[in-house]
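One chain comes next, on its own, written out as structure tokens in the form predicted alone.
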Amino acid sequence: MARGKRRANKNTARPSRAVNYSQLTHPFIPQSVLTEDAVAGVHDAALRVLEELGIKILLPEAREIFVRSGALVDDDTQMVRIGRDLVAAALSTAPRSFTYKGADPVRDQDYALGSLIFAPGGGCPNVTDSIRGRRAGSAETFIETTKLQQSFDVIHILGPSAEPQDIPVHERHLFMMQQQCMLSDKPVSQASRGRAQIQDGFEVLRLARGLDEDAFGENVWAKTIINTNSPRMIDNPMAEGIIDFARAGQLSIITPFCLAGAMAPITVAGALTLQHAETLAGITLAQMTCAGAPVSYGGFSSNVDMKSGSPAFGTPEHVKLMIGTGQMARHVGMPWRGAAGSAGVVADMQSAGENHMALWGAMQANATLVLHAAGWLEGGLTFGYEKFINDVEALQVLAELAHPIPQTDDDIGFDAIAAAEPGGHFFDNPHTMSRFQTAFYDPLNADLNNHGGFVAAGARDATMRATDIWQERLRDFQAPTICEPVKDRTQVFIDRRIQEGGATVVG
């Protein structure tokens, strides 16, 4: 026991290894699952879908925008047929890069092809942890999960992860935006659930950041995810989100959720074709609304389990679809969003394996933004605290790979090799002794002890250790100093909007 204590004291006294995961770029060349001819074929087929079959647009205002720009619109059927010339014009004005800003400039993210941005699991109605079990998301868990996201710099933007079900829907958006700004200096996210909620969210964010309307519109401060209703439909709140975010100069990420065999053709190529068509339709609407508006190509396609109809993640098809999505996004020259995730319901081998496979798919595909990279369970129904910690470990390993290998003469180590006897070792080599305390990645949660050390430490598995970590991070959490004025700046507006009845969600 005494020896164990001495070892622990020695370890806590050693120099800490400096790491910076705040801004990352992809370290690997993007991979391909489609030939160049197939990419061109998918693109052409998607344009045919838009020209010949069309897409149903429920919002009259959106159809009017398409009419003014020259698309063929049938108001009786709500079908819009978009010529390839209109798509090409939209792609010519869509920006290829922009800065996605946080409260603190050190949190800013370069949103461009080649960047690597990780976001946590988002939009979950439930949460789970090993102490309190599975339960509906609440104001308390929204605050806790936001604190956890702020606590790790490999999480680059906020989810938000767990919807507070105990706050009325017409007030919830106000609480969520205020808490994001009070607890974190990272870029924030906002849902598109009707014009009133969007404008409320923008106003809270402007007040929190101390921005007037001009300064707000000059940069990207918020993003929204636009999910088309596959196959071939954009509903009212999603169309309003595209339009309002474009007019405000904020980022809409057009993301069909094409599940092969359910809402998309059962083949990988077919699902990519439908996804590409729907994404191009959303991008085109954004650019017709405001040429040059920040917009992102998006894809969150996987397959369903054909026995149950449930979404599957981390499957071979999911990985292929993500790599193919990257090819299609690069074909039109746009930064893009992919996603990890898990269908598993607990923080076990299945959920970890699914997430890791999806993360590697995103790395191979060179996704600009990887959503649902940490904490996502049950296909997005639940955010897991232990799952989040173990996923953060995986993200930190990937972030280490994004750092280039030092290649000086001393790093190459000829003198170190010369100093070691044949058949000897490098443990006491001067080269090792000068570097050993900071040479390697120091795991967040992984236990590198042998069996004896594992038992001596209480035989605590990865889930148990993850529980200790999230509890510690919440216990020690301190909001960034830059967030201190947020409540005073925003509360009067929030109180007034609640008194006025808040904002109804548009269906």
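Since we're looking at a predicted model, the values are computed, not measured. When you see a residue number, it is the position in the sequence shown, counting from 1.
Keep in mind that the form predicted together with another copy of the chain is not shown, yet the notes after this line are about it.
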Which of 244, 317, 203, 171 has a heavy atom within 4.5 Å of another copy of the chain in the predicted complex? 317
In the predicted complex, the one of 333, 125, 353, 210 near another copy of the chain [non-hydrogen atom within 4.5 angstroms]: 353
Exactly one listed stretch (111-119, 257-265, 184-192, 90-98) reaches within 4.5 angstroms of another copy of the chain in the predicted complex by non-hydrogen atoms, and it is 257-265
So, in the predicted complex, is residue 461 in contact with another copy of the chain at a 4.5 angstroms heavy atom limit? yes
Are any of the heavy atoms in residue 61 no more than 4.5 Å from a heavy atom of another copy of the chain in the predicted complex? no
Please tell me whether any heavy atom belonging to residue 52 falls inside 4.5 Å of a heavy atom of another copy of the chain, as the geometry stands in the predicted complex. yes
Verify the contact flag for residue 450: yes if a non-hydrogen atom of it lies within 4.5 Å of a non-hydrogen atom of another copy of the chain in the predicted complex, no if not. yes
In the predicted complex, residues of 41-64 near another copy of the chain [heavy atom within 4.5 Å]: 41, 42, 45, 48, 49, 52, 53, 56
